[in-house]
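Coming up is one lone chain in structure tokens, specifically the form predicted on its own.
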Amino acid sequence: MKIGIVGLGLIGGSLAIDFKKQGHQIWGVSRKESTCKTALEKGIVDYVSTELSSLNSAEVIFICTPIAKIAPTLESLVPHLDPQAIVTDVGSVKQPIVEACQPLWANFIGGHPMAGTTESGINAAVSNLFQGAAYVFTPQSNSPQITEKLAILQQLASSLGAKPFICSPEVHDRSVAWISHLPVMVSASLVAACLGEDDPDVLALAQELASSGFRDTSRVGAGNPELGTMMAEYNSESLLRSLYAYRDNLDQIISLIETQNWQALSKLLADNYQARPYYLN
């Protein structure tokens, strides 16, 4: 299969690596000549260009640009597409993307591989990034044509070792607000709160003592700032809903500590301990 990948960063590059290993022909597109050169030198792609027109015979195209550039990229890509080409994206927000892209191309199906690292760029691309990860698709139609295209995308996701899921864009965005976008904001606020310590000696010692607990809790908040900002901008309604709920729960914990209600606090922590495994697949 001839697969086009627009945007050869962490996600796009990692998709290219794994699909190329499977024998697919990979055509990459990047706006940067330096990225194109690196992709070829590393053997990540078979062919690469700065021009979207190079994808005129691609069967499946993954748009792996930042969220804000997905719809404009598709709009520029449409004149060059084969009529049967499937186009998908990898954005972490789906409703605004699907609403913008579906009218542009009937064979567009929103996608979101739930995988990544704190690194970015072509040099961060790795093999097996999607192994064991959820890969969500958000088709807006159940027509025979879309069902057929969706099956192809599901098979490709499965070939990466990922677990395909199907849902509406709205359900996707509310779900990821809880388990992806909220943790980013909570994690970022943790670091910001620590930096608010006004005693330099306490802050310096805290930084020296920080270990696995702080590292794990703060990791997602230290990722790509552009991505975190776009999560908030494009999924603000669902993210605010989850942030308000989180604030209410944090206020509850503060109240239990202020009133020294250790029994209630112990129960709350025990309930959370029992619930956590259901979120870990």
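The structure presented is a predicted model; accordingly, all values stated were derived computationally and were not measured. Start at 1 with the first residue shown and count on from there. Here the rigid core means the biggest group of C-alpha atoms that line up within 1.5 Å when the two forms are laid on top of each other.
Not pictured, yet referred to below: the form predicted together with a further copy of the same chain.
Asks: Report whether all of Ile253, Ser266 and Ala270 sit within 4.5 Å of a further copy of the same chain in the predicted bound form, measuring from non-hydrogen atoms.
Replies: Yes, the whole candidate spot contacts a further copy of the same chain.
Asks: Which of Glu59, Glu233, Glu33, Asp46 has a heavy atom within 4.5 Å of a further copy of the same chain in the predicted bound form?
Replies: Filtering the options by heavy-atom distance leaves Glu233.
Asks: Name the single residue among Ala188, Leu153, Leu160, Ala85 that comes within 4.5 Å of a further copy of the same chain in the predicted bound form, judging by heavy atoms.
Replies: In short, Ala188.
Asks: Is Thr217 close enough to a further copy of the same chain in the predicted bound form to count, meaning some heavy atom within 4.5 Å?
Replies: So Thr217 counts as contacting a further copy of the same chain.
Asks: With the partner left out here, check for me: in the predicted bound form, does some heavy atom of Pro72 sit within 4.5 Å of a further copy of the same chain?
Replies: The answer is no: Pro72 has no heavy atom within 4.5 Å of a further copy of the same chain.
Asks: Is Leu81 one of the residues lying within 4.5 Å of a further copy of the same chain in the predicted bound form, judged by heavy atom distances?
Replies: Leu81: no, not in contact with a further copy of the same chain in the predicted bound form.
Asks: Is Lys42 part of the interface with a further copy of the same chain in the predicted bound form - any heavy atom within 4.5 Å?
Replies: No - in the predicted bound form, heavy atoms of Lys42 and a further copy of the same chain never come within 4.5 Å of each other.
Asks: Tell me which of 85-93, 121-129, 174-182, 102-110 has residues with heavy atoms within 4.5 angstroms of a further copy of the same chain in the predicted bound form?
Replies: Going by heavy atoms within 4.5 Å, the stretch is 174-182.
Asks: Scan 109-130 and write down, in order along the chain, each residue with a heavy atom lying within 4.5 Å of a further copy of the same chain in the predicted bound form.
Replies: Heavy-atom contacts to a further copy of the same chain in the predicted bound form: only Met114.
Asks: Aligning on the rigid core, do we see the C-alpha of Ser266 shift 2 angstroms or more between the shown form and the other one?
Replies: Passes the 2 Å threshold, so yes.
Asks: Does Asn107 move appreciably between the shown form and the other one, meaning a CA displacement of 2 Å or more on the superposed rigid core?
Replies: Comparing forms between the shown form and the other one, the Asn107 CA shifts below 2 Å.
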